[in-house]
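Just so you know, structure 1 and structure 2 below are the same protein chain in two forms, each on its own as structure tokens.
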Structure 1
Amino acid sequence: MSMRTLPLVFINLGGEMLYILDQRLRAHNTSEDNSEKGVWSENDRKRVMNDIVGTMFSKAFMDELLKPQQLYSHRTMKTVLTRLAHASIMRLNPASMDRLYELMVMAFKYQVFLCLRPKDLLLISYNHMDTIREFVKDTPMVVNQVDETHRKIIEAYSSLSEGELQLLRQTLLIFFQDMHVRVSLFLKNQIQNPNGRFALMTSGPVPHGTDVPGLIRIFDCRGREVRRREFPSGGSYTSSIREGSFELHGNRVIRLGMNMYTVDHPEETHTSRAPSVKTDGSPNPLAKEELNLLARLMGSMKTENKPKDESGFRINLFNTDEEEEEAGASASAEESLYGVINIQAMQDEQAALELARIAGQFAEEKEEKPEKPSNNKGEELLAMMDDL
């Protein structure tokens, strides 16, 4: 298992989340200002994008995320991304968040499947970051945060060997292997089967630096080509045009990781579950590391800028409220089969400082044995994470 998978998962899933939220906010945008109660304005959309991206690429959190560590479970990733989505004035109920997470995972899974070579995972991530940068282009401070994270990603991953990148891709495939959610956009384009599995084509461009299959060249002992023999390759392959740019800015060439949602097609965010194997309800062995990440998030993702009298906007990823309620009831019935624990994080400054102190103790564990916290908050949160 690669120890460098988590940052790419977070950035790519976060990018897909922003694509979907942007599409839904634009679809509901019928007012130029806040004059119409309950209607999203363009200013609201920009504020949501700035708040989420600013939180997502905060320096302290990214520094922690870039440390070598194992990839977390789907449940923990969804908890983190839920927290991220609610870092703005927007609110999602559990049913909409479940659908949002399924869309994010299936989109990124498809992109990983279509990677012609492991190194293309970086180009997918850079496409996400390029589009995220475009979302917040009117806010220089947030753009600088994205640029700084992008530079750190380039520094951390550009030196990885082909073998290390292949291990990273394999870790991602293991992470995705039990997710077979049907997405209307994929079904409509016939790139997904009714059972939720992707239909991959045996045609198209070959990886950069490789030859089109179908030719065998035979050499003599001196290295001179003596004859050629052709064979059917089983597909229609073409040579790659050129290699994408791995710099901060440039043409990535591949389109994987770019925004595939539009305002004109809101049905593209529809999902339905395919029959799947029951998930394992055993305790998570990475409880301490997951608490470390959650503590960092809870300590840094504040809503101080939100006025007290501002209740926030609610966004629905379903066509109607009735459909959302029905999905929520169905999800509740399914989750009742497992042990589900709700963690309520306090937003006051004292709680944030306490959680940050606990996370710091975990980070310094290699140097010295941490002292027992005077407060039992950390122990309670760790116990909750052990039961997840």
Structure 2
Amino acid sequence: MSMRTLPLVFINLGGEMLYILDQRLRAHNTSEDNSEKGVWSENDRKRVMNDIVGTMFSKAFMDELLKPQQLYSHRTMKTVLTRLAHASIMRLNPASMDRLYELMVMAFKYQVFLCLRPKDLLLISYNHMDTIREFVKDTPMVVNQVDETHRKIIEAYSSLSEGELQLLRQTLLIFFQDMHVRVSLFLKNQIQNPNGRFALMTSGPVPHGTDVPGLIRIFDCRGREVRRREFPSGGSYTSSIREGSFELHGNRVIRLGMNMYTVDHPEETHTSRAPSVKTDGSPNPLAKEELNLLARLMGSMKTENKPKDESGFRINLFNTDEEEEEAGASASAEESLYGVINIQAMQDEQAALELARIAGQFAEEKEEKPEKPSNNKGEELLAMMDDL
């Protein structure tokens, strides 16, 4: 399958993550939780955005992503995205990150599933980058990083044929396969059904380059049309709309990839599992290649030294009471259906220990290739964590 999925995966998943965090940080400017400093000022929010965007769009990180490689497991993606989120002063506990990840992935799945043609994947990515640029517009240095990355993406993907982009899309669809987490915003807007599946309309504009279905044309040996006949298309399609811009700046025209979340309705980001879905709790032994990727990506992320006296900002992303009710009513013992995303600021040492613990889990698991023990790589990774 495609070897070029990673940059688009991170830009789009990272973009969705930033949309959600931005919404939450704007919505929370009262101290209803128990944190010492409950108030997120405008500056705090901008700082968080700058920190995360700056890390995600750093040259080192992006260059790693742009190397041709396979798309790895959700576990690896989640680990790297957690680390990205932790590039700021915010901290997310594992359960919160799980919820946030589900939300990000379902949003991106929706965009990939519904885009009219594979090339629109690029426009979706550019929509994310345009909004990210807006988040950090007051910090020229970070804007430059986003622009540089955007140029590299244009360079890497503009020459791909529709067939190659469809292969990329098919690779992403395998990545999202069987995920049917219900998202309140999607259910409310009826783009998702109660069973978790997205609604696919047999109406609306056809993709750029496609004709409205309904016509059969017959030609003779000389290429002249001798007959034309119509047939019922079973839908109500209209001609394609104008093509969006694939340049650094421009009107993308399509709306997929734009920020759907509004400040006034935080309950939109509630998610719940469809009852029939079983959580995959079994550990997924990471192949050596995945561990290598993880090490490279983690290593390429710079972190700033945070002053020790800067105490924690803890924030609940969701309404705790409502979520606990919902969780109590439907959750089974093993599954964590809590909607609360707790963002905590832990001391840096704690953060490093937490990450080391996660990395340690990978190192301990059996690898599929028996000839080389995984301990070496795991130790290297742990050492890298301690240095950060």
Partner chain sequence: MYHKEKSIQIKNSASALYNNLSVLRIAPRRLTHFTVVHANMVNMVSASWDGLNYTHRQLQSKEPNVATSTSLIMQAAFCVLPSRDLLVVTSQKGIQMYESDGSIMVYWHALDTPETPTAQAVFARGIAAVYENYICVGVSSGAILVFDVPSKGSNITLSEVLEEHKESITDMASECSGSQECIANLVTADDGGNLCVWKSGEEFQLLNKIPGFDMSCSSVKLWKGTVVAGYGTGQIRLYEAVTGILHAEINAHARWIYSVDIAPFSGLLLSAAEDSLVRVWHMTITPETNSVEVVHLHNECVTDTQICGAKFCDGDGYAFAVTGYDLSEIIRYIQS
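Rigid core (definition): largest C-alpha set, two forms, superposition within 1.5 Å. Structure 1's sequence is the ruler for residue numbers, which start at 1. Worth saying up front: this structure is predicted, and the values here are computed from it rather than measured.
Taken from the form predicted on its own, structure 1 is distinct in origin from structure 2. Once both forms are overlaid on the rigid core, the distance between the two CA positions of residue 218 between structure 1 and structure 2 is 2 angstroms or more. With the core held fixed, residue 242 shows a CA shift below 2 Å between structure 1 and structure 2. Taking the core as reference, the C-alpha deviation of residue 228 between structure 1 and structure 2 is 2.6 Å.
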